[in-house]
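Next up: a single chain in structure tokens, the form predicted alone.
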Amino acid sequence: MLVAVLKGSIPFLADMLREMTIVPLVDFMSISSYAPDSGRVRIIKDLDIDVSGRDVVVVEDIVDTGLTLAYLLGELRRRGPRSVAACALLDRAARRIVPTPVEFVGFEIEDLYVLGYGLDYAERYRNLDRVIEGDLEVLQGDPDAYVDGLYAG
């Protein structure tokens, strides 16, 4: 069973599913931070399918500090699956706070701010068909700073 974390993992999940020779169960969770700088998260959208007795793979766009993934893995383990593993398109281990294993990694990246292929800034750039490096200061000044150059051709 694949558990995709909304919204960023959707392009990665879709491409993974197109390449798979089996059709796994797929469900979705949405997580939100609720206390600034606390590292605490809460579930906004929970699973519709029971994970007990199943092999579960959590699909993430990027694993950064490890806080969200550690929370999700712990929450899912409490629900009695046969196994739980993590899969991420991008692993930015340089920022890891919680040592969290990621069994399946597409790419390891340096401590860069990235956009595209599900990754966003202010809900922009998720629809890019590639991952690009963005300048966070530029985006904070103008969230649409890259729009013209990326979509103009």
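All of these numbers come straight from a predicted model, not from anything done at the bench. One rule holds for the numbers: they count along the sequence shown, beginning at 1.
Omitted here: the form predicted together with a small molecule. The next part is about that form.
Not displayed here, the small molecule is approached by Ile62 to within 4.5 Å at the level of heavy atoms in the model of the complex. In the model of the complex, at least one heavy atom of Tyr113 sits within 4.5 Å of the small molecule. Remark: Arg54 does not count among the residues lining the small molecule in the model of the complex, judged by a heavy atom distance of 4.5 Å or less.
Using a 4.5 angstroms limit between non-hydrogen atoms, Leu67 touches the small molecule in the model of the complex. Leu119 is the sole member of Val84, Met29, Leu119, Cys87 with a non-hydrogen atom within 4.5 Å of the small molecule in the model of the complex.
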